[in-house]
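The chain below stands alone and is given in structure tokens; this is the form predicted alone.
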């Protein structure tokens, strides 16, 4: 079977990461074109794949205006720029893999799903946590009936103090109007994952959360607008020179440093902190997304779940406790511990340390497994191989929209208001 031909739309961290996987698996797929307005990101990716000049586009619209160049388009633009390319490439007959969130509004999400259905193309959504080996092992435990029927779940996403500062205070996802609310931008992964683990759809949701800390009122006395000019920077936990300097010292060249500059080193990172958005004071940025949020869910059949997203942790894997009628499970990304009520015994299932669920490890192998699922589905033309279809992802997105409505309106939101 010939490799799947892929067009990368957006050559930032996600697009470049997927392209790198494809380069390592030439028997599965090949990158045949890239669309990216920033030459410093477009050209290295194109060079790595040996793309000719006419396969390097500064605007995805130029690629979409041509006869179909590839079998699939991977839409890896920023959150607010998924809709137009997804619709355009679906109408051109491209199979679609779209970064999460699918779009910023219910109407836009539904429009992308409808475009894929109308054109008869596959639509996958990058809910990569579903694909992680850790998740597959946990799902096998749950589906085996070892803990009986799930009664309740307690799920924590410890975003991490520096990750919050990087992505959601200084970075691309700091403003809800420009990208999406925090719950959608960061944690639609998690509500989708809870649906997957429980195995049922939610019937009602409530949520609370706000921006507590990263505000001017919380700034230390004397704090400057930029870390490099700040007299209190040495004693600030969110110091950009300290956070990024540590990664430089470790020899990192990928995420998060490649978001600051395409070729990270001590000099280029220092320049980025001096002149770019990632050197701003976390208390004097223009961010507005929440830094902590809780969600309470009730599922069909009566099971309940709580989800907590908080910035105020060390960066570490998600942690989950699952309580069943015959036992309970605790899992933290490294291990799954199953306790049996009848026998009063526990079993611990070790998961490879690479499967920690963090973004800089490829979400615990989820990024790789996503492509290893979607691209063969394209080759075979088999929608059943796509673990997170557009229709399934839409249900998770509607759950997020309902939770955010609950937070803003201060009420329990029945999901029938979204599903009819």
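Everything quoted here is computed from the prediction, not taken from an experiment. Positions refer to the first chain, counted from 1.
Beyond what is shown, the protein has a form predicted in complex with a small molecule; the following relates to that form.
Only one segment in the set 408-416, 20-28, 7-15, 395-403 has any non-hydrogen atom within 4.5 angstroms of the small molecule in the predicted bound form, and it is 7-15. Using a 4.5 angstroms threshold between heavy atoms, residue 174 stays clear of the small molecule in the predicted bound form. When contacts are judged by a 4.5 Å heavy atom cut-off, residue 109 does not count as touching the small molecule in the predicted bound form. Among heavy atoms of residue 78, some come within 4.5 Å of the small molecule in the predicted bound form. Though the partner is left out of this view, residue 59 does reach within 4.5 Å of the small molecule in the predicted bound form, counting heavy atoms only. Of the residues 170, 155, 82, 130, just one reaches the small molecule in the predicted bound form with a heavy atom at 4.5 Å or closer; this is 82.
Proximity to the small molecule in the predicted bound form, defined as a heavy atom within 4.5 Å, holds among 319, 233, 99, 201 only for 99.
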